[in-house]
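Consider the single chain below, provided in structure tokens and representing the form predicted on its own.
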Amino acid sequence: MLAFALKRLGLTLLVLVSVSIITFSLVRLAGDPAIALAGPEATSEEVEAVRAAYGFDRPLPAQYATWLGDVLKGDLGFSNILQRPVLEVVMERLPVTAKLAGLSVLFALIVAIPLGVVAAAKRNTIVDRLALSIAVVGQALPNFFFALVLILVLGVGLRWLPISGDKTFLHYIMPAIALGYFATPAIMRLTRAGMIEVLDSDYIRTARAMGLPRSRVVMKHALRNALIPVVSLTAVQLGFMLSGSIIVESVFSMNGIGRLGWQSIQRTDLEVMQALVLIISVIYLALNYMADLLNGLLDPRLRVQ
């Protein structure tokens, strides 16, 4: 297991280096950062002064080495728009998005896995068709539209939940449902497909022939193997929710990194944009690495690959 973990860690670090290069390059490819910092009305002399002050006149490899060194020391730059260190701004907003993403994934798993298991156990029945219909609706329904429906029904009509903000747990319920429902169909269909494949395998037929209860065969013997691909998909979905929460956070006026990213784009805050891309990428890679380790624990055959 240790060799497997070290191999995956090496691959993750290689990808991380590639991500850092791409992140550094994106800001430069988007335009001249000196002009963006100086402002559209700045004179050429002012632009050159900004370029010299921030080191943009140096060769790109030297700029990258300096930037990477600062990042490794925890210095993600300074936002001239907000007049605050970038790391401070991001860490202030990150807990909101992390809570939202975690609750969204939890909602998706609670709904999707039981639906997938029941659909596989009752394949080609009305139960299976109903579960697939729920998946199709969830995949086709835009999360911003579903969020507005939730606001109208649960917030305005029934007045059960607050419709904006992020101060209490109740503020997270509707956003988590809106964001989690979008991830539910993929997890449900993968669970269903995995369960169908496992239930048709020889060792499951042997377990049934031995007279084991159907519930034990399904939950203990089949579900564990069927969930192996679901683990990887869940990590991907969680990373997607961290980066894709911008719409839901905007609809519910939540001060997370999704909304911060949108505000940074509007204000052309290059330092914050660059930091968000890097941080989300690191989190995404870390989630995939943990998913690989968990898959290795669930299925020892993966450790020899």
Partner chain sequence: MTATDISPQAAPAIEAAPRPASDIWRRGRRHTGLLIGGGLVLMIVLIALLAPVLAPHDPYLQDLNNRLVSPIWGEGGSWTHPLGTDALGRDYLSRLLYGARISLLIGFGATVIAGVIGTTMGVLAGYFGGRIDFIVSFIVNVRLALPAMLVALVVVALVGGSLNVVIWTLGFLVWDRFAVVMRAATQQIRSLDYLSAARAAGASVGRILLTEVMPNVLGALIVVATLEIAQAILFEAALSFLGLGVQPPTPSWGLMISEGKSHMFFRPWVIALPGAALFILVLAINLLGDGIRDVTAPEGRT
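Numbering follows the first chain given and starts at 1. For clarity, every value in this text was computed on a predicted model and none was experimentally measured.
Although it is not shown, the form predicted in complex with the partner chain is what the next lines describe.
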Is the partner chain in the predicted bound form close enough to Ala52, Lys99 and Met241 that every residue in that trio has a heavy atom within 4.5 angstroms of it? no
With the cut-off set at 4.5 Å between non-hydrogen atoms, does Gln63 touch the partner chain in the predicted bound form?
-> no
Discussion item. Just checking whether Pro142 would be counted as a contact of the partner chain in the predicted bound form - the rule being heavy atoms within 4.5 angstroms.
Written reply: yes
- Mark Leu68 yes when one of its heavy atoms lies within 4.5 Å of a heavy atom of the partner chain in the predicted bound form, and no otherwise. no
Is Leu14 close to the partner chain in the predicted bound form, meaning a heavy atom pair under 4.5 Å apart or at it? yes
Students should find that, of Leu106, Met91, Val136, Val127, the residue having a non-hydrogen atom no more than 4.5 angstroms from the partner chain in the predicted bound form is Val136
Students should find that, of Leu199, Leu233, Leu87, Val118, the residue having a non-hydrogen atom no more than 4.5 angstroms from the partner chain in the predicted bound form is Leu233
Contacts from 153-172 to the partner chain in the predicted bound form (any heavy atom within 4.5 Å), listed N to C, are Val156, Ile163
